[in-house]
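As structure tokens, the next two blocks hold two forms of the same chain, structure 1 and structure 2.
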Structure 1
Amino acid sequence: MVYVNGVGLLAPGLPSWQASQTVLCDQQAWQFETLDKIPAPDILPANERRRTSAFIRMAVKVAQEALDASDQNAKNIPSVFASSCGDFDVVQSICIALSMPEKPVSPTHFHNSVHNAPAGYWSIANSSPSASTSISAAYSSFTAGLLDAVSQLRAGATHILLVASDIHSSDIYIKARAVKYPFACAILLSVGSSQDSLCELAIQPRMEKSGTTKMQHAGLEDLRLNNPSASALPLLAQISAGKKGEVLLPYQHDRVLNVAVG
């Protein structure tokens, strides 16, 4: 059993966790809205702020929202950053540079291209020496991140921050990598409950093949299916509903992770 102490969210029509409570509970109220340009996070020093990309800003913004909801100091909290594809804008820019005769790879692009760049910026923003991991498991990245976070809580961490984010593809890439929308979320988990706790989660990998929980609204379901990190949506909707329920998240080999929210 682990506890949810704060959530962050950013996706089309879901501008933050706080501002999305109504649409997550009454999904019919959701409307697609293109995300506004995300300002560089002011928790970063100016020289680092300048180098941030949209992908990094998204991850840092949701991490911050999840942390702000609790009285925890980010400095002491280990983190798991899950993303199927990482900073794809940067990967694409580098590939385009490599297709030119002089191969003019931007040093800043290369420096931001590592999968753990958001984790690096987050640790700098919070002067945090805490351990951080950055993982990918394609369309089960959020689920693998949740499993990893829970394994760290069972191994002795009292709190852990899980961040999941993926950025949409450009027109160049949309056929090869059909990620249509941006999506980022963060969940601050803990071993013990506190006054901040929103709910508890019990997770159980299920070995039989099974379907996953869908979103009721066709638009939100489209979002869920077209961004690997958005597979978190049914869990976020259940947490938002504030009542007991089970969510089946996609896992590998056509299996699911059963998450009991209580």
Structure 2
Amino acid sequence: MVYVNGVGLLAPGLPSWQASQTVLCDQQAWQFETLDKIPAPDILPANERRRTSAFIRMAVKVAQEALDASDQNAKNIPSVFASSCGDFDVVQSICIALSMPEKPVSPTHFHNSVHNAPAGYWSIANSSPSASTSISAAYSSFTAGLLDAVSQLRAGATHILLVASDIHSSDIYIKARAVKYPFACAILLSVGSSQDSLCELAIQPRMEKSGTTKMQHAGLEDLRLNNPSASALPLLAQISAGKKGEVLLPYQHDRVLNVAVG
């Protein structure tokens, strides 16, 4: 059993966790709104803010939102950053530069191209020496990140921050890996309940082949199906509902992970 102590969210029509709960609970209609510009988080030093990409800004923003809902110090909390695809825009820019005669790769793009770039910026923003894991598992990346986070709690961590983010595909990748929308979320988990706790999660140890939990709203279901990190949406909807229920999350080889929310 683990506890949810804070959530962050950013996606089209879902500008934050606080502003999106009525939509996730079907109390308010979801309306598509593009994420035209994502401001660099103020917690980053000025030099680092200038170097961030939209992908990095999304991850840091939701991480900060999840922490702001609790009384925990981010400096002391280990983290897991999950992403299926990483930063499409940066990788595309590097590939284009490498195809040119002089191969003019931007140092900033090279710096941001590694899969753990968001985790690095998060650590810099909080002067954090805490351990961080960056993980990718194709379309199961959110579930893999959740399993990793819960495993660390069971191994002795008291709190852990899970961040999942994927940005929409760049032009040259759209046929090979179609990600239609940007999406990022963060969940602060702990081993004990507190006044900050939103709910408890029981991660079922068995995995079985079964259908995954879907979103009732057609637009949100389209978002879930077209961004690997957005597979978190049914879990976030169940958390926002504030009642008991079971969520089936996609995992490898057409299997699912059972998550009981209470």
Partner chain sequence: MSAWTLTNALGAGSAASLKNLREQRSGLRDNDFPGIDLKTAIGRVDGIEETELPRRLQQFECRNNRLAMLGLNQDDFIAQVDIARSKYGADRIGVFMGTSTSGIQEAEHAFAHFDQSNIVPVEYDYWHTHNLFSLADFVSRVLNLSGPAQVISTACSSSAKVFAAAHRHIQAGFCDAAIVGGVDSLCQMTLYGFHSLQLVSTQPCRPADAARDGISIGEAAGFALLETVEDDDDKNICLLGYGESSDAYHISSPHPEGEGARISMEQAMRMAGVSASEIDYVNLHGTATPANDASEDKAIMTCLGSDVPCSSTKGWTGHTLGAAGITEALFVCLCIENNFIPGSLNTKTIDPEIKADIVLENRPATVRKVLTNSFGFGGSNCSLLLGRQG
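For the two forms, the rigid core is made up of the largest set of C-alpha atoms that agree within 1.5 Å on superposition. Owing to the predicted nature of the structure, the values given are computational and were not obtained by experimental measurement. The first residue in the sequence of structure 1 is number 1, and each one after it adds one.
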* Structure fact -> The chain seen in the form predicted together with the partner chain is the one numbered 1
* Asked: Hey, does residue 71 budge by 2 Å or more at the Cα between the two structures once the core is superposed?
  -> no
* To do: Using a superposition on the rigid core, decide whether the Cα position of residue 127 changes by 2 angstroms or more between the two structures.
  => no
* Asked: Is the C-alpha displacement of residue 155 equal to or greater than 2 Å between the two structures once the rigid core has been superposed?
  -> no
* **Inter-form CA displacement between the two structures at residue 170 - rigid core frame, Å** => 2.4
